[in-house]
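Okay, here we've got a single chain as structure tokens, the form predicted on its own, with questions on binding and movement later.
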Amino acid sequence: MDHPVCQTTVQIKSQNGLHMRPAMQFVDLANRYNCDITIGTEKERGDAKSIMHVIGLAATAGTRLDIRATGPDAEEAVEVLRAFMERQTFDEVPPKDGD
């Protein structure tokens, strides 16, 4: 059975861009889904389930990224990843141990 391609475009809102911590969270989310997911720009695309590919995009504030997925749960994956990117500002200070 062929699965349609689901896709969306998001824009990085954080002044710090998509740095290591949120990139790892994004990859962890992507790995929860049973589908092929890519992320990238018009010039460069990579595997959204690979931290090396996501970090390699060097997505700074204002960067527009396309998220595409194909597979059984592609629609849900794209929606969850879109929501993560749109809600996450990445600027929060992580809580200290013991707080």
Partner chain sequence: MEIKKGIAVSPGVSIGRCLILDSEDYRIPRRQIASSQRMLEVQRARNAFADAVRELSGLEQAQEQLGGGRIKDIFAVHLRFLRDRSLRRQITDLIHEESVTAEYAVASVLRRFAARFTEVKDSYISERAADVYDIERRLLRHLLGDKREDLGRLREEVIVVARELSPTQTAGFNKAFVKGIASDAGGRTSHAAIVARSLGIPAVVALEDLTEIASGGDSVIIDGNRGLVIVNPDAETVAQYEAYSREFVALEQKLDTIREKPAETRDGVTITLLGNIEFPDEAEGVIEKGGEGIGLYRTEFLYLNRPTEPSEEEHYRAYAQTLHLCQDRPVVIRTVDLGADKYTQSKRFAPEPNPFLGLRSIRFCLQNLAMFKAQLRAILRASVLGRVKIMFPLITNIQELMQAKMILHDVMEDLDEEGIAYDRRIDVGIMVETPSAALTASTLARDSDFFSIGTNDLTQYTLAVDRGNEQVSTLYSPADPAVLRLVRTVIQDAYKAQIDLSVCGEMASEPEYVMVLLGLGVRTLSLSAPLIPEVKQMIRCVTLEDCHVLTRKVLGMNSERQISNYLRNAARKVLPEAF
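Residue numbers count along the first chain shown, from 1. Given the structure is predicted, the values throughout are model-derived calculations rather than measurements.
What comes next is about the form predicted together with its partner chain, which is not displayed.
The shortest heavy atom separation between Q11 and its partner chain in the predicted complex exceeds 4.5 Å. In the predicted complex, no heavy atom of A74 sits within 4.5 Å of its partner chain. Among heavy atoms of S50, some come within 4.5 Å of its partner chain in the predicted complex. By the criterion of a heavy atom within 4.5 Å, A83 is excluded from the residues contacting its partner chain in the predicted complex. If you check its partner chain in the predicted complex, you find a heavy atom from every one of H19, M24 and I55 within 4.5 Å. Residues A58, A59, T60 of 58-74 are found to place at least one heavy atom within 4.5 Å of its partner chain in the predicted complex.
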